[in-house]
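First, one chain by itself in structure tokens, the form predicted on its own.
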């Protein structure tokens, strides 16, 4: 073997490595933290053994940075992202997929030396904005390059591998596992208590019933507490009936979406838009403190709390002031690490408000991770979380995308998100990706996933769909863009038509072609039905004669008008006119160039549509 591992490999890992040893391409589909990186590591080892080069591509810079840190001590590794360029001459390069696409378009010399290309998080091909990049790169890769594809579990891995195999004219072996290395249990958190609703992919209705009973009991007690409490209880109960109306308003006007969405209590978001923003965050602070205390007592830390906005993550982290989750030795370790990391910043940059604020949070064992942070700040948070000194991390879903930083517990602040167009429920694949961060292999027997419930308990069907639903298929997002066309004009070996023919979308169409042809033949073979004519009053023939006569009269009137002295004084050279075309489908726009003699009454026109002179 090119490299020895200090642990027993799983069956799918052994199978993938077997194909790599034979110099063949492989598609590995497995759950988060199942050990897919082992296959990528072996491809790097083979490249080093064969004195060739390997490229590891990732969808986001966070994954690229982490893989660089992981592989740095094992291989000759370089890093190429939009932010940094470290050792581009190395034999093993880690980069974003867009960087590899740029290399292929400009015909970089490095492409000749590459033996392996590893695509991590291949299910990112479903992304509407960036999914096309994966298709472009796969289509343009030279045939001598072997491909390693790593993906979360998706239903159509064989179909996707078949497309790549036909495009590259080589066999793509599919392997993987649907078994989780650490089984998960899913719970609802309501009114300070945890209610288990799913365990090992089996839904537990009794846990959901217990949560709903607690909800009813709390609201009935509030209703008996007095007029004010009764009013509040009615408002909570009315939220269930209002949620769809509120959600639809959010879809119609995305600018007012966050405010309207705040009223949707079923998400666990709270009532932020009721004019009591301060009170809302005060209640949220109480909820967070109660949850963190519960997790700490049950030894369920560290925890990653997923929110779906940067502002929400920052506010949630800032709201739990006074909470300290680290020991004195951990504080010392955090300070030393931060001082060393931020010493790379120059002058006043070390005192930037973001840097100072995050350092204060980190010393208390609380972290924040989202796209609004400086790259160095995000890297510090990731590394400290991997060391286990950050106990609670408020993060957006980017932290779930391939970052190898599992936690004991994952918490969902809400099960709805804004996807750039509208508010919608979290998809089963997205939920699985984020929930997969729960459970540390070798440390935890089970991972815990918690869904926050503040003002309402979600319905059973909604929870089943998200927790145990089928992930989305890999679907083509291929589209021609102006930039793609300009790039392809520089590539001699590949034409625009070839790119379209080799896309995943066209593969679908070609695959269905025989079926469509058979359907057409069956339709044509069917006996033709005689169409009975519907008798009209007046008869159809009479109507046609009346229409023809009316057209003749119209033509006669039009010709008389055009030859009248009144019309001629307007039809001077330079006059723009609208002329009825022969097909009578579209009128033509033209300009009078020259008028003939008074007796001839003819004009020379230039039609703008076909740029031809007609008399």
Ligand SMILES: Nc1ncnc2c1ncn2[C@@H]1O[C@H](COP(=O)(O)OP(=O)(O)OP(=O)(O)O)[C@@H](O)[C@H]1O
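Numbering follows the first chain given and starts at 1. Being a predicted model, the structure only gives us computed values, none of them experimental.
If you look for the form predicted in complex with the named molecule, you will not find it shown, but the lines that follow are about it.
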Between the options 331, 130, 212, 440, which residue brings a heavy atom to within 4.5 Å of the named molecule in the predicted complex?
440
Out of 555-563, 25-33, 47-55, 568-576, where are the residues with a heavy atom within 4.5 Å of the named molecule in the predicted complex?
25-33
Does any heavy atom of residue 62 come within 4.5 Å of a heavy atom of the named molecule in the predicted complex?
no
Using the partner position in the predicted complex, report whether residue 404 sits within 4.5 Å of the named molecule, counting heavy atoms only.
yes
Answer yes if any heavy atom of residue 588 is within 4.5 Å of a heavy atom of the named molecule in the predicted complex; otherwise answer no.
no
Touches the named molecule in the predicted complex: residue 8 (any heavy atom, 4.5 Å)
yes
Only counting heavy atoms and a 4.5 Å limit, does any residue of 38-57 reach the named molecule in the predicted complex, and if so which ones?
38
